[in-house]
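Let's start with one chain on its own, the form predicted on its own, as structure tokens.
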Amino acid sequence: MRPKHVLVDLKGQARSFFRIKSNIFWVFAFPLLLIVIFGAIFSNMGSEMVTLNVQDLDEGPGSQQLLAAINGTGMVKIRFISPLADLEQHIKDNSLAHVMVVPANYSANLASNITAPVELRLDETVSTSGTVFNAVNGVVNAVNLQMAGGEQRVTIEVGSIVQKRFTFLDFFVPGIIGLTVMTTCVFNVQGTISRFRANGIFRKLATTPMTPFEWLLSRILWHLFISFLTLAVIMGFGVLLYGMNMSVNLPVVLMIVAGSAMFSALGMIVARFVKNEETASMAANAITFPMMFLSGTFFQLEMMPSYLQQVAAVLPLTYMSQGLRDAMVYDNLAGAYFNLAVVAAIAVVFVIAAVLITKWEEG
């Protein structure tokens, strides 16, 4: 690899990028517009079926009846946490949003006509928290009415599941960052290749010592510059206008690096197999558009039907968005590095495939 070739190509990209004023809109203004629009639309959106993580320390007849009634509401589905698990660590490691704890003496307290509190911990920034509270509160009220004519025997102690205070946009913005990286990289590389092919530039590149890997590396480095610039603009906009509370740390930086490489290579692969300029643009849209809405960019994956959640599990943007959210919002470094490893592995595969299938002579 020759760094000089990469540097020359980078300079050309910079001149080309800033020469087209619409690029500035799509890279910077468009994601900010999405934040404003979807922040208003989705901030109050709920779900009919939400996962409620339950640690049942009682495991007696009283707790079993309570949990069966909550599960029977059709509003939540219960996922059990082992009574032996360290709850605080389990919440952090799995980025949980809704947790209910049934204390060890719950059934005994009910049998003795003693107030039996259950602990409900919610992430108030997640729109489904209201659904969880309404489901649990409705069942508790029904139990109290049945047992003691409305007298409170069962109570709910509501607490926050997060240590820092977040807004809905704190959840939303990491997904927008991932989405911006994807669209910038895929469409820029696909568009450049289609334009170069139509103008015969690739055949000219075949007469130069520049390799496909050097050309792709130049694109990746340029997209890294644009991605970090976009990150700074979005973060500054969010902090000043909405008071967002997020952090940028090493996993965030590495995720953007890996994501830029992954999606730049994906754009190169798409353009290689679809050579018509208009068809290549349609193919890029066909790949990126489903990921935009099925990868947890705008709302939680659990709000989607189970079969769509299975689709989301194979989409690269899912892991980038969740990894950024784990690192920037939830301080879940284990989850962030897991998602980073997945994105990095996909990036390596895509880069190798893109370099191997690209031949200047076939441009």
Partner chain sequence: METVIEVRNLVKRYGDLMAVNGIDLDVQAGEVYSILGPNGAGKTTSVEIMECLRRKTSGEVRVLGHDIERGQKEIKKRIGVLPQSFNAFDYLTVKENIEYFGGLFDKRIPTDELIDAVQLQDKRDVWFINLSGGLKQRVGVAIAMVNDPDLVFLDEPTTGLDPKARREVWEVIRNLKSRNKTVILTTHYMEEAEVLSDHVAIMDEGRFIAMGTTRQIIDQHGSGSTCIVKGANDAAVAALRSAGMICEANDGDLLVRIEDKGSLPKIVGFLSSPEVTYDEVLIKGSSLEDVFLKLTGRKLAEAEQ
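Positions refer to the first chain, counted from 1. What you are looking at is a predicted structure, and each value in this text was computed from that prediction instead of being measured.
Heads up, the form predicted together with the partner chain isn't pictured, but that's what we're talking about next.
Not displayed here, the partner chain is approached by Phe196 to within 4.5 Å at the level of heavy atoms in the predicted complex. The partner chain is not shown here, and in the predicted complex it never comes within 4.5 Å of any heavy atom of Val101. A residue is said to contact a partner when one of its heavy atoms sits within 4.5 Å of a partner heavy atom; Arg79 fails this definition for the partner chain in the predicted complex, lying far away.
The partner chain in the predicted complex comes within 4.5 Å of no heavy atom belonging to Gly74. This chain is displayed without the partner chain, yet in the predicted complex the stretch 208-216 from 222-230, 279-287, 235-243, 208-216 comes within 4.5 Å of it by heavy atoms. Scanning Ile201, Leu87, Ile156, Met292 against the partner chain in the predicted complex with a 4.5 Å heavy atom cut-off leaves one residue, Ile201. Residues of 52-81 placing a heavy atom within 4.5 Å of the partner chain in the predicted complex: none.
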